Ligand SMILES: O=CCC[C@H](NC(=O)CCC(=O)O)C(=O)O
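Below you will find one chain, with nothing else, as structure tokens; this is the form predicted alone, and questions on how it binds or moves follow later.
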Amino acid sequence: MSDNTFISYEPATGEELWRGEATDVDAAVAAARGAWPAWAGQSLTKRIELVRRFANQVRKRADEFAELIARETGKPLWEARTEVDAVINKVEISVNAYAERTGKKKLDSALQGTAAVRHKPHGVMVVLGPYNFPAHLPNGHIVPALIAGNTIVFKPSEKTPAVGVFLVDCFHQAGIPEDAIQIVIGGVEEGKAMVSHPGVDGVLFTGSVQAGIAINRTLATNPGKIVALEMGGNNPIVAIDTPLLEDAAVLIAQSAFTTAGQRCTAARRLVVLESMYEPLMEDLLKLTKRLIVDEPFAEPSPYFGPVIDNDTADKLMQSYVHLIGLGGKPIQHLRRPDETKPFLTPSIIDTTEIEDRPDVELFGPILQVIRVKDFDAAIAEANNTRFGLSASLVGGRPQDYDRFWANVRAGIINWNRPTNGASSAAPFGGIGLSGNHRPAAYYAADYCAYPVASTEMKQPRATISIGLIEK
């Protein structure tokens, strides 16, 4: 097998799903650069019509698409179907967002002409996608960027290339020119080449903090490229006084274990009042033990499937053992039923006694519990992280949530809702190590086009009324 060959394996079975050769990055960028004038020159109405045709293509192939997502990521079929729905829904959301966030504005004045604000596309945009939502998350960059008039060079995660190929094919089947939206198959080296390529005008990234920081460092001396980074979180879910313990347990389990914990908004830390600890943990344990972990098409349907691959499962097991070594107390062990496959059971570990808890994103079904004495300590613990993507308060009164909202540092702050499952109709992003203040989702329109301010008159008319030598 060639070093340039990339193979995708199904996490649940280990079977080969797809293989392909690495793409020539220079050729892809040159083609996108060549296609840009014609694509940007299309009317906005035409570009919107074409992305709506893309939505129809996805709708027609929804079952096939969902099955492919389930096979390549390992997520249950029911969840893969929700991802396909999100891909379809993103189109109308992006159309509305473009009109609201980047609409034309004019102010007329008889003597001063017209003041106008319009928006222009940046040019060639690189989109680097993750493996956990290999269709929805890159699509959240691609659709707004195409509407704005950019051309796209998209590299999916090397762990989920087949979904990326399918997604791009839907764009092409809808009539969007092949050079206007291209896929690059590759790994780290291809990604680096795309980020630093002189023919690229912007980089839109979703993935790990390590990769995001590397991109930021690479482009630190090149302010001409727009960069949007979404890098995950060490997210807290804070539980305070509530009589609805079963409901609280459901919210916590949803936050921590949906998608096998492979969501950037997943709750990594449960911060709970000492007074609530025992009754809440009793309900949470009952529920967690009932969660089905199985292959994507199993019956009954699993709550979640495997993590993405064996290497990831190995590292998560090592991280769990490391937490125990630091003084963590297992409440429910992280188990791996089959050492040859990346299935992990949901785990809960009390890390209250660990003095210097590692501030990292453990991207899997591991929930750390931290007991605190009061609400002040809970807020302080919620903020005890360099990340700042998502946070949720469970329980309390409206004034407690007001205080939580005002003091917790995160881009998504919820009350009696999970930390994950953010709406595409709202901005999505975080602070600290979670992002670079360019939120995606509804606000993606902001980084897909730049504003141009103009003052305009139909005929030149000007005088200088002061500081001239008399005639």
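All residue numbers are counted from 1 along the displayed sequence. Bear in mind that the values here come from a model prediction, so they are computed numbers and not experimental data.
This next part talks about the form predicted together with the named molecule, which is not shown.
Within 4.5 Å of the named molecule in the predicted complex: all of 90, 132 and 441, by heavy atom? Verified in the predicted complex; spot residues all in contact, yes.
Give a yes or no for residue 422: in the predicted complex, does one of its heavy atoms lie within 4.5 Å of a heavy atom belonging to the named molecule? Flag for residue 422 set to yes.
Determine whether any heavy atom of residue 256 comes within 4.5 Å of a heavy atom of the named molecule in the predicted complex, and answer yes or no. No, residue 256 is distant from the partner.
Taking 4.5 angstroms as the cut-off for heavy atoms, does residue 136 touch the named molecule in the predicted complex? Flag for residue 136 set to yes.
Please check if residue 54 has a heavy atom lying within 4.5 Å of any heavy atom of the named molecule in the predicted complex. Heavy-atom contact with the named molecule at 4.5 Å: absent for residue 54.
Proximity to the named molecule in the predicted complex (heavy atom, within 4.5 Å), stretch among 96-104, 260-268, 364-372, 321-329: Contact criterion met by 260-268 only.
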